[in-house]
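Given next, in structure tokens, is a single chain: the form predicted alone.
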């Protein structure tokens, strides 16, 4: 069989990490993106720059500072352990934390763009009809921004699947716990096991291309059907 048990475990860890990270990002990124699309606060450029930082910051740099912060001696890791929480570094929980930060702009920016494209008028019309803030958001904003949610979910998932530098710095390379597909590919290349590396790399290539194709196809259908 081209894939070993360790490869299958790495696949499961990767899919679990990407799925959980995407869910957390949608829950956290939706209100943040909505606020960014509506606010005129002076600190908005600062928040946007902080959200977009993982786009330009080398993953090893981001991973290093996350390792320092999440370690038992770091400010965040020490605080979490003092409250009885788990150890964050070299654990799956730490991978989720790092992945949420690393993939944040890939979820927030599409949602912010989708919310901004809606404009104020549909929300104002719903308000005049007596709809409350939550009702307006659920019944008006969410349906109109559905293409943004599709794009955000797919990009967040795909970007998390392709992580390497950040997860290696925070989680190390523990089979079945923190070893993801990108690290498994690196291990195979180091061992000159190119057949296994081809299988894993080819699978990621097909998955990534398929996800991007789905995003562009969904956006094209939305542009055609949008009134």
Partner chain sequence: MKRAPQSDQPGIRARYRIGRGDFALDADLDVPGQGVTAIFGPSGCGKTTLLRAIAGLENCRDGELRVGADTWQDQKYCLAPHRRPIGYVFQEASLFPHLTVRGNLDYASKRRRDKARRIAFDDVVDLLGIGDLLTRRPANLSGGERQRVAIARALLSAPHLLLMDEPLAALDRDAKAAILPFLERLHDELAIPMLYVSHDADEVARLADHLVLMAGGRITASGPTAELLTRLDLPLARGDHAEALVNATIAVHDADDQLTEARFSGGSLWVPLNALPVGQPVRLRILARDVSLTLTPQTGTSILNHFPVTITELAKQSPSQLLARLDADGTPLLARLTRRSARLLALAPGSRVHAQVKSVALLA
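Numbering follows the first chain given and starts at 1. Please read all numbers here as calculations on a predicted model, not as lab measurements.
Here the subject shifts to the form predicted together with its partner chain, a form of this protein not shown in this document.
Trainee: Quick check: do 75, 78 and 81 each get a heavy atom within 4.5 Å of its partner chain in the predicted bound form?
Mentor: No, the whole trio is out of contact, none within 4.5 Å by any heavy atom.
Trainee: Applying a 4.5 Å heavy atom distance criterion, does residue 133 contact its partner chain in the predicted bound form?
Mentor: Although its partner chain is absent here, residue 133 would touch it in the predicted bound form, with heavy atoms inside 4.5 Å.
Trainee: Considering non-hydrogen atoms and a 4.5 Å limit, does its partner chain approach residue 126 in the predicted bound form?
Mentor: Within the cut-off, so yes.
Trainee: How about residue 140: is it within 4.5 Å of its partner chain in the predicted bound form, going by heavy atoms?
Mentor: Within the cut-off, so yes.
Trainee: So in the predicted bound form, is its partner chain close enough to residue 122 to count as touching (4.5 Å, heavy atoms)?
Mentor: Residue 122: contacts its partner chain in the predicted bound form.
Trainee: Tell me the stretch among 109-117, 67-75, 85-93, 143-151 that has any heavy atom within 4.5 angstroms of its partner chain in the predicted bound form.
Mentor: It is 143-151 that comes within 4.5 Å of the partner.
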